[in-house]
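In the form predicted alone, a lone chain appears below as structure tokens.
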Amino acid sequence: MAEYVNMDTLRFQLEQVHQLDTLFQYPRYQEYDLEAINIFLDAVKDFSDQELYPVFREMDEKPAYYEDGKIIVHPTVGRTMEKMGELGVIAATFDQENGGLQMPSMALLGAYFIMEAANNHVMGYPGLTDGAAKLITAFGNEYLKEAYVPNMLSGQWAGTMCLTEPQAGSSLSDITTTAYPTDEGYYQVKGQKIFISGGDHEYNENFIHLLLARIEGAPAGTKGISLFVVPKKRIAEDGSLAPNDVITAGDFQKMGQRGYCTTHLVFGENDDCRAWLVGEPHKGLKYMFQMMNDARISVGRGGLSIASAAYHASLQYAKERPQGRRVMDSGKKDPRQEPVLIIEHADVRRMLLLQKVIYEGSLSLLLLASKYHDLEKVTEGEEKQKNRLLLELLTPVAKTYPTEKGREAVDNGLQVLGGYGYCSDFVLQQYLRDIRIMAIYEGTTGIQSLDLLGRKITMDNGKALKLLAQEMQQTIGSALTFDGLKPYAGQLGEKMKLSQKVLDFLLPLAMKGEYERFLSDATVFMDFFSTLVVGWLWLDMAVVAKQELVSGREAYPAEFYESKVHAMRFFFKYELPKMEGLAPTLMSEEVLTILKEKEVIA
């Protein structure tokens, strides 16, 4: 079977780079150790090998579809939901009092990474169920927790998030779905939601929709949005399930992730859709952001997973495909020589290394964000605030870098295959189609970039940014203890100064009230800042690799650690210098994209 993840690389990052075992000192995670986590990951890998990877291409060729008021999906979806319940994957990070296992989210991210690399069409179903159940446990009353969460954690019932409406798109302030109060303890809901991932299929008995709506008479804008539990089938007094006037109106056919259904739902067409308020009225968007932020990490993980699978597929091809001859130092080729494997060609190696540094850098980024999430749960005071701020700052980056740069990585993987990469006989074209939607899910790149520059960089007077700079300086200090890493420590330090120079130009625009101009190149800033962050993470990985080589306690062969240092050097030669090209754009006095009065774009 073809490789789609490298388990040594995953364990290296989990155990040696991000030191998963340091979490086990906290009472919440004290029942775990590295052996237990590795047994869990091995079980997930076995399931992925046996159930997920073999049907990956079949799910693209036989996509989810709408017929007679129902969504038809591949049977693997049903088996996966059942298995995720059995393995405890859906319940993994929940509190024990809510039926959970209190596993570190770092470890769960590793498990999902394996499964999504095997088959990215499936894992959104249990992932959204996890997120919806977490909202109920965090903000719902005891009735909602008892009525819905156990069946969701078992995989018997599925969960979704219902935000987008046809007329509003990403502008949640413009949603019109309305909830009407009754005297029976529930609301009547009427409205439509579109692009609902995993919104319906035949393999789950019930679907628990976490839905944003306005209570009749609520204030305009986002301040008037409330959160509701709206089951597809409501629970009758005798415990049986009855239809709840939730109609599946269709499924959006996509160019990629075709096995992952994307539904159009209609609520209250017959004026009998009952909904139960979660938390307090008018605070729905605040509550939903918990699920949205978790989902943004999950989408970033999806981009990472596809990039990993594509890298290993193109690497395998490069190791098997003979073509051409290497250029000799004389500049000539010897036609008498046998063709060489294309992995011997420098440009092919460049493309493969680009794939490698993007996917492994993305893995480090997502594991770090998950670690901050884990630490926020178990720390207090200033330490808790530090972990919260760093998580907030990195979340839009963790969603965007793996999806945008992951797409670039997959595109290069397709190029490695040449003409075959474009043909359906090979899987790279599917990976490229699958990853394209990742930059759109859970807020487009533009939305994430506005969040990064407009909110996260400036929050708490820039405290998160200062904390991140301290983390980077620690890595630079460690790198300076190795002669071979000193030049790269210096380069990262210079790029940090460049970043401060860019912010010194941009932030005064916000202070003067020129917000549109301040944010007009936010997406360019995202590219700039993400490159800095991933450069730091690569230097950190190189430091750990050097420490292991020097210590002599190598858990992996010396060549493994040396390959990490080599990849860091590649990133610093080919990727980090791109910041120098972006900085003049960010600091330019020219304003070319802001619409002027009476201006017409032809």
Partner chain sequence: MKLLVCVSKTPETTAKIAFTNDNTEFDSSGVQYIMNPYDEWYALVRALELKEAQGGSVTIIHVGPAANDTIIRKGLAIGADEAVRIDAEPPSALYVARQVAEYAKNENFDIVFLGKESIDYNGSEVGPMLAEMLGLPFVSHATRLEMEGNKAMIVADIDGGDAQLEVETPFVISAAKGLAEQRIPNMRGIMMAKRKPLKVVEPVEAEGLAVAVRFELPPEKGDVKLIDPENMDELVRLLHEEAKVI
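Values in this document were obtained by computation on a predicted structure and should not be read as measured data. Residue numbers count along the first chain shown, from 1.
Beyond what is shown, the protein has a form predicted in complex with its partner chain; the following relates to that form.
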If you check in the model of the complex, is residue 353 within 4.5 Å of its partner chain, heavy atoms only? no
Quick one: does residue 168 come within 4.5 Å of its partner chain in the model of the complex, counting heavy atoms only? no
Heavy atoms within 4.5 Å of its partner chain in the model of the complex: does residue 549 have any? no
Heavy atom to heavy atom, is residue 100 within 4.5 Å of its partner chain in the model of the complex? yes
Heavy atom within 4.5 Å of its partner chain in the model of the complex, from candidates 53, 32, 570, 65, belongs to 32
440, 87, 498, 343: which sits within 4.5 Å of its partner chain in the model of the complex by any heavy atom? 87
Is it the case in the model of the complex that 536, 575 and 580 each bring at least one heavy atom within 4.5 Å of its partner chain? no
Per contact check vs its partner chain in the model of the complex (non-hydrogen atom within 4.5 angstroms), the hit among 538-546, 65-73, 45-53, 561-569 is 45-53
